[in-house]
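Okay, here we've got a single chain as structure tokens, the form predicted alone, with questions on binding and movement later.
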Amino acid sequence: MLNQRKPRDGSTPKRDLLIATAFRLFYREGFHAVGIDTILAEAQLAKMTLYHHFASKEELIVAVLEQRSALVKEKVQAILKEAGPSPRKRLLAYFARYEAFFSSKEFNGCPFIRAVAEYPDIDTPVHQAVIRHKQSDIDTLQELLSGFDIADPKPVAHQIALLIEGALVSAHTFGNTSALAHARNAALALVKAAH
């Protein structure tokens, strides 16, 4: 524990820099492997900056995950809006976003899956932040599927989420660039079967 002070709400340039630096290092090296001193040195910030915004490293990790989740949601909503009203085009655009992520130079697996692997206790704030993000993904899929003629889109959303999670792990583990195409094709088959 670094400090018992409650974090300040709201964004500041130094807080944003701290979170961005922490995400980059955590994503590359791992959450437990990267220490606070490494983050501060990389960001060229004083320890008091950290104390001012976060009471612990775990609190910083939660903030990193929450910010990443918000960025993902923002990108997904923009992509879906651009795809237009067609449910099929929107679902394909949702998968295309993952394809772009998988093929990026920075791809190093799912940061949320990595966080859960390092914080396996479901009651930890880090694990809970991951649950909130993953549930949001399922909710987005359910909303997408409500545009199709499906009696109950909820179980289909869960099934497609499992396909995507499997593709994430496969792409990271094997460097399998076709993992998401297989998941997309299986998802389209699920949607067709659910009509």
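Since the structure is predicted, the reported quantities are computational estimates derived from the model, not experimental observations. Note that residue numbering begins at 1 and tracks the sequence as displayed.
The same protein also exists as the form predicted in complex with another copy of the chain; that form is not shown, yet it is the one meant from here on.
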- prompt: Among A55, A46, A70, V169, which has at least one heavy atom within 4.5 Å of another copy of the chain in the model of the complex?
  reply: V169
statement: For another copy of the chain in the model of the complex, the stretch among 59 to 67, 143 to 151, 22 to 30, 36 to 44 with residues bearing a heavy atom within 4.5 Å is 22 to 30
query: Thinking of L17, K75 and A96 as the candidate spot, does another copy of the chain come within 4.5 Å of a heavy atom on all of them in the model of the complex?
result: no
query: Do P120 and another copy of the chain come within 4.5 Å of each other in the model of the complex, heavy atoms counted?
result: yes
message: I'd like to know if P13 sits close to another copy of the chain in the model of the complex, meaning any non-hydrogen atom pair within 4.5 angstroms.
response: no
Close approach of V116 to another copy of the chain in the model of the complex, 4.5 Å, heavy atom: yes
query: Heavy atom to heavy atom, is N108 within 4.5 Å of another copy of the chain in the model of the complex?
result: yes
task: For the stretch 154 to 181, return the residues whose heavy atoms include at least one within 4.5 Å of another copy of the chain in the model of the complex, in the order they occur.
output: P155, H158, Q159, L162, L163, E165, G166, A167, V169, S170, H172, T173, F174, G175, A179
